[in-house]
Every structure is written in structure tokens, then in C-alpha cells.
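Form predicted alone, single chain, as C-alpha cells, below.
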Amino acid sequence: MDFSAIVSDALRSGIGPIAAVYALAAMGLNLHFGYTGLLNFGQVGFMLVGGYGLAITVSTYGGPMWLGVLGGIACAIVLALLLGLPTLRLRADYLAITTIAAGETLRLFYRSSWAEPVTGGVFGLQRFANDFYALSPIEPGTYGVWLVRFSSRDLWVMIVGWVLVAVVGGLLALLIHSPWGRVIRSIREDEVAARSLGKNVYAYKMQSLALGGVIGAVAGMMQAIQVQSVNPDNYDPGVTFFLYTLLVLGGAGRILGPVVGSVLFWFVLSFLDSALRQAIDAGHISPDLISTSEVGAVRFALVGVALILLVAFRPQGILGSRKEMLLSGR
């Protein structure tokens, strides 16, 4: 087995563009769940409207890319209002049901034949991020150190993605330690007490939902830019559950929790994928036990087992607080 190739694949995934995209989306979810106590099971819906807002503006209507970014952000705010207005005055489970239903409804709507002239239907939209790559100062080629190497295009997306993670993380840290942040944390701990102190809990929840949704939409744009494509089937409900996995792994209610969770998640997932494939090729694992076509499912099963053990022995994750994971405190 070539362990240098296994480690190389794992390191590339752990710090690559997809890890940055998921870290960014999980930061928005962290604002919802980790800091405000909102059960949002449809963060992928915000990623979808962000990615499609950019793609439709540029590819379908021929608009500039900056207008597509504004369009994606506007779509995320509208979606947050549509989800939050009828549900945020109710129990938390109503928001959970509404968000997971909305995410799946949007996916089906965008892939429908009725919407195909605008969204591309099941084929999606492609090649709408040329202006983004035209801004790259990196000459074509391959760059990296030691075992880790990236193409110039991936390196450019990765730099922009991690810079966005740093900027959003800094802004969230300032917000969470401001009076606004103390209010939303008090809502998470005891909503009735916050209301008794004269705080408009409904308005604060709505602001948190909209802000976290916009962050998710920006992550969706970066995901679309990275592959120069949007397809509705890339936004299935499993994406949101991956994001919760990152939060549980890194620690909810911590600024760096989603970042650490995303890096570890993609590192471990890629490590298992490469190690299992090489073990099968080398004959260390019988193809009768696991075939190469089953590796994708097996690696998720192993990550699931690891997650169960983590929840059992360290439910607060790597950086989180055990107290903040107690549902009885919400």
C-alpha cells in the first residue's frame, strides 16, 4: 500500500475547496443551532438558492457576476423570511419540519421541467464563473508543498474560500460577543427569561435565521463556482446532515468548531476511501467482503460509527461545551 498517496489524498481533501465550502455553510448553521438554538434541517436550501441565484443571473440572463452574488444573497433573505415568519413564534420542531420540507421542495422545483428554461432542469447550469477565474493572479500550473499539490484553479478557489471563512469567522466572533450576541445566546438558554426582560425574541430569531442563511448562500455560491456547475441533485437533504456532523465533531457554539469539524471530516473521509481502495487492490481485504464499488458506502458507515462513539463519550465535540449540547437547557 502506498501510504504517501493515502496521506496526500487526505490532506488535499482536509484543506481543499470543498472543506472550505462546508466550513462556511456550517458556520451559518452554527449561528442557527449553536448560538440561537434554532433547529434548521434545511441549510442546504440556502446553499441551493445562493448557487442558483448566481448561476441563473449569469448563465440564463447574461448578467454580471457581482449581480448574481447580490441575487443569491437576496434569495437567501427571502427564503429566511418565508421560513421564519410562520414558524418562529411556534415550537422549535415546527421550524425543523418546515426547513427540511422547504429544502427538498426547492430541489424538486428547480429540477422540474416547468422550471427548466430558467434553471436547466435535471441538467442544471454550467460555465458561469469565468469572470471569477479571470481575476486569479495565479499562473496556470500545479502548486504545493510536500505531498499536497493543487491545480491553479483549485488553489484560487481554496484561497478565496478560506479567506471568506476567516472573514465570516471574525465577523461572527464580533457579533457573538456584542450585546446582540448575548441576547441570542440568552434565547438559546431560556427563551422565556429573555422575553421577560423585554427582548423581542421573534425579531432576534429572524435576524439570526437570515444572517445564517446568507452565510449558507455564500457557501453555495463557492460550491457552484468550484465546479462551474449547479445541479439540483447536489442539494439533497444529506448535505444538511453532513453539516450537523461537522458541528457535532468540531463543537457547536464555538467559532472554530465548524472549521475544525470540516477539516477533520473531509480528512478522515478521504483517508478511509483511499486506504480501503488500496487495501482491496493489494489483497489485504477480500473483494468478496468489500468491493471497490462499495467503498463509498462503507466509509460513510465507518464515519457514522465514529460519530456514535464521539456522541457517547464526548457529546460536546472537540472544542464545544458539554453544557451547550444539553437539549434540556433549551
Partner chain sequence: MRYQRMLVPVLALVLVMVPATCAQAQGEEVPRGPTFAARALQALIDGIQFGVIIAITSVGLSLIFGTIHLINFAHGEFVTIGATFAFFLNASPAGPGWHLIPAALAAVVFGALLGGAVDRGIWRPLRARGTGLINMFIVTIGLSLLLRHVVLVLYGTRPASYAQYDIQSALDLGPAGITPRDLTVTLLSVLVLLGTAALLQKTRIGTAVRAVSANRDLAEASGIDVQRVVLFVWMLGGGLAALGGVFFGLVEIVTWDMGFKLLLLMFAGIILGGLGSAYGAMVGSLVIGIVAQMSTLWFPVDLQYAWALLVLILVLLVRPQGILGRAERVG
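Since the model is a prediction, treat every value here as computed from it, not as a measurement. Residue numbers count along the first chain shown, from 1. For clarity, a rigid core is taken as the largest C-alpha set superposing within 1.5 Å between two forms.
One more form of this protein, predicted together with the partner chain, exists but is not displayed; see below.
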**OP:** Can you work out whether the partner chain is within 4.5 angstroms of a heavy atom in all three of F109, F241 and V248 in the model of the complex?
**Re:** yes
Subject >> Of G124, G169, G181, P237, the one that lies within 4.5 Å of the partner chain in the model of the complex (heavy atoms) >> reply: P237
Original post:
For the chain seen here without its partner, which of 219-227, 97-105, 150-158, 70-78 has a heavy atom within 4.5 Å of the partner chain in the model of the complex?
Top reply: 97-105
**OP:** Could you confirm whether L174 comes within 4.5 Å of the partner chain in the model of the complex, counting heavy atoms only?
**Re:** no
**OP:** Evaluate G304 for contact with the partner chain in the model of the complex, applying a 4.5 angstroms cut-off between non-hydrogen atoms, and reply yes or no.
**Re:** yes
Subject >> is_contact(F271, the partner chain) in the model of the complex, heavy atom dist at most 4.5 Å >> reply: no
Subject >> Non-hydrogen atom contact A297 with the partner chain in the model of the complex at 4.5 angstroms >> reply: yes
Original post:
After superposition on the rigid core, does the Cα atom of L276 shift by at least 2 Å between the shown form and the other one?
Top reply: no
Original post:
Is it true that V305 shifts between the shown form and the other one by 2 Å or more at the Cα, once the core is aligned?
Top reply: yes
